[in-house]
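Here's a solo chain for you in structure tokens, the form predicted on its own.
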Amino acid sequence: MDPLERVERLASENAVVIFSVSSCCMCHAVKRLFCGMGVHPTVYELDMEPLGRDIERALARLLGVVPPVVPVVFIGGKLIGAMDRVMASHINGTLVPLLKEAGALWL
């Protein structure tokens, strides 16, 4: 399967999906943000995945960035982006409605 197709499939299987690297402090912070809100994201640790490097490159293509950046967050199958986009959405109040719409948050 093409890495981009794999990303799209994985991203659409759960309400909140985070592509992460286990040693990344920003990845840890975004996971804590969601858990603190009562959201239980599905997390793919790319450094633990056999095709992690290929997925990382596919994510970089989706984001239009080089080198690859993590974390990358999808909500309701839609690309939200990296940490900067997630935090901006959290601060401006658009994150919670996205999570509710995706069925990841009920309050």
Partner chain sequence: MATLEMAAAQVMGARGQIENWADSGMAVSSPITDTSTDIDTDERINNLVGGDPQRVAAGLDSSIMSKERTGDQRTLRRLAQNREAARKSRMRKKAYIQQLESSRIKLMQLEQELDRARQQGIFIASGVSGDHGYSTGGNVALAFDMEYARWLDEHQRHIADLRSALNSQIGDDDLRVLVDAVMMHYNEVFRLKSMGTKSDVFHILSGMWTSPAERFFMWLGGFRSSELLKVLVSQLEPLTDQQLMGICNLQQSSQQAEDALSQGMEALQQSLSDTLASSLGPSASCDNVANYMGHMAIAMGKLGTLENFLRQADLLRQQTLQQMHRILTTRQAARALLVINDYFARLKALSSLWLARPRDS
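Residue numbers count along the first chain shown, from 1. Here the structure is a predicted model, which is why all the values come from computation and not from measurement.
Beyond the structure shown, there is the form predicted together with its partner chain, which is absent from this document and is the topic of what follows.
With the partner omitted from this view, the residue of 21, 98, 15, 83 that lies near its partner chain in the predicted bound form is 83 [heavy atom within 4.5 Å]. Among 33, 43, 55, 62, the residue placing a heavy atom within 4.5 Å of its partner chain in the predicted bound form is 33.
Contact check for residue 29: a heavy atom falls within 4.5 Å of its partner chain in the predicted bound form. Heavy atoms of residue 87 reach within 4.5 Å of its partner chain in the predicted bound form, making it an interface residue. Residue contact check for residue 37: one or more of its heavy atoms lie within 4.5 Å of its partner chain in the predicted bound form.
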